[in-house]
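One chain is shown next in C-alpha cells, namely the form predicted on its own.
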C-alpha cells in the first residue's frame, strides 16, 4: 500500500495497483484511453518520489528527464506525488475537415499549429478541449500539410460522439506523440512489401504505401484490406487510382460476408496466402485488432517471412 499525492489531496493506492487505477477508483478524473501502456493518453509528471523504469518505456529521453511517466504502467514501491502533463508534451492543432468515408468511419484532418514531426504509420494521441483523449494511427505524409486520422465511430464513445455531433472545422484540439515504429524503412527498394489490415487498420497502411511509393520503392507492394461486408471497405476508389498510377502496387479488398465487384471473399490470411503462398524475403506490415494481428503474424512467419521483417500495430480499444 502507498499514497498518491495529486492536486493538493492524498489518495490511497492499494498493493499492486497502478497510479491511474488508484486515482480512478477514488473518483478522480484522469485522462486515459487504452490502460495498456501503449497510447500515452494517461501520461503524468512525477513531482516527488521514484518512478519505476517500466512506467517510462517508450517515452522521449527529454520527457523522462522531466519526470514524465505512463500512469497506467506505474506501480511505485512507495509514495508518489504527481501532476498532470504540461503543455510542452502537446502540439496545438485545429480541425480542417471531417468526412464520413463509410457508415462508421470518419476521416479527420488536422493542421498542427506547431512543430510535429512524424512518419506515416505512427500513431498519436488526440485530445479535445474537454480533455477526452484517444490514440489513432497517422494516415498522411508530412508533406501533405495536414495530419489525417481514420476514426471508427463507436456508439456511446466520448470521442466518437464529439466528432459525430459537435466537432466543426476550426475547432481547437491538441496532439501528443508521435509514437510507434510501424512505418516504411528505406533501404532495400527491391524487397516485396505486404500490408494487411481490417477496418481502420487501413489508416497506417494507407500512409505507409504512399510513403514507400513516393520514396521510389521498386519491389512489389501488395495491400490487403478486409471488412465484414463491402460497406466497410472505405477509400476503395482512391486506392484503385493509386494502383493505376504504379505498376508495382496492387490493392486487394476482402470481405467475410456478402460479395461485390473486385472483392475477395474469405478470412484475411486465406486471401493473402492464396495469392502469395511463399513469403520468404518479403517485409510485412500488419495492423488492426490484436487477435487478427497475432494470427497474421503467425501465418506470415509460417509462410516464410522472417519475424524481424514483420512490423505490427495492434489497435487496443479504449478502456472503460
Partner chain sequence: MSTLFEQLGGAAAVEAAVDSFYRKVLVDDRVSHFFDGVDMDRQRDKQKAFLTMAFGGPHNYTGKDMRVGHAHLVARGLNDSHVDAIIELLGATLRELGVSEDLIGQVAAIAESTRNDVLGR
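Fair warning: this is a prediction, and the values are worked out from it, not measured in the lab. Numbering follows the first chain given and starts at 1.
Keep in mind that the form predicted together with its partner chain is not shown, yet the notes after this line are about it.
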(message) Only one of 298, 10, 25, 14 gets a heavy atom within 4.5 Å of its partner chain in the model of the complex. Which one?
(response) 298
(message) Does any part of residue 294 reach within 4.5 Å of its partner chain in the model of the complex? Heavy atoms only, please.
(response) yes
(message) Given that its partner chain is not shown alongside this chain, does residue 305 nevertheless sit within 4.5 Å of it in the model of the complex, heavy atom to heavy atom?
(response) yes
